[in-house]
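Only one chain is included here, represented as structure tokens and corresponding to the form predicted on its own.
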Amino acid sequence: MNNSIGVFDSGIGGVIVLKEILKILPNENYIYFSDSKNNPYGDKSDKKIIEICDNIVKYFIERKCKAIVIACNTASAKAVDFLREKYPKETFIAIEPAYKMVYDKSFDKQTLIMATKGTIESEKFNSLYEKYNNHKTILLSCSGLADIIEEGETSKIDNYLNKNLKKYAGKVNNVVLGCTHYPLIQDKIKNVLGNVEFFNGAPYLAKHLKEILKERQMLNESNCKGNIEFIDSSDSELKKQRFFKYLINK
């Protein structure tokens, strides 16, 4: 069996997830699949998202990956149940918005959940939301934001945030970053909203992945640092450069 872990997202946003995984599993080998050709997932139909994710999973299975990490909230919300049912022998670890973390740590505070339209409208997210609802939460569908972050154009990002977040400045304490692209611009979000506490699901996913691998005796026991292979569906050299830049930066 290949000892690699497959990680995929609709672009380079999942680098945030991989960074958290590397903190506690540095000796594993990884294949990161950046599906920038189909970015963004958030505005696509459920059927299309499932089809896209299924094709990526087939690729990881061909590469004999021992675990598959879905580092995209929209893909997790829309496709993980289908994938687990279709491939029962595969190990899937799926990210989800960190709303439970708000419930555990800061239940009584005003909360803003930023996510894609696809995530917010999904049955999986709504089940999570109803379970931990503090009745002080605003759901904000950030259509197009992941796409702008993927492009990396600073002025577009600033304009988007000022237009869509300014009205919440000083009115929220917690911000759930419900898309893996959003932590890449966390500082910019903070500049607009002020002193807020951020929550994202990446640290929890990393711990869960380690627990599952340990439980199934699939951990790489080597003391050598693992390799990271980057693949982009649109063959973008720029995406590759930005990915590794984010990976090694603070």
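Keep in mind it's a predicted model, so treat the numbers as computed, not measured. The first residue of the shown sequence is 1; numbering continues from there.
Same protein, other form: the form predicted in complex with ligand DGL, not shown, and the subject of what follows.
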- Query: Ala98 near ligand DGL in the predicted bound form, any heavy atom under 4.5 Å?
  - Reply: no
- Contact between Gly201 and ligand DGL in the predicted bound form at 4.5 Å, heavy atoms? no
- Message: Can you tell me whether Ser34 touches ligand DGL? I mean in the predicted bound form, with a 4.5 angstroms heavy atom cut-off.
- Response: no
- Message: Residue-level contact is defined here as any heavy atom of the residue lying within 4.5 Å of ligand DGL in the predicted bound form; does Val175 satisfy this criterion?
- Response: no
- Please determine, with the chain shown alone, which of 189 to 197, 66 to 74, 217 to 225, 202 to 210 has non-hydrogen atoms within 4.5 Å of ligand DGL in the predicted bound form. 66 to 74
- Task: Give, in sequence order, every residue of 130 to 148 that has a heavy atom within 4.5 Å of ligand DGL in the predicted bound form, or say none if there are no such residues.
- Result: Ala146
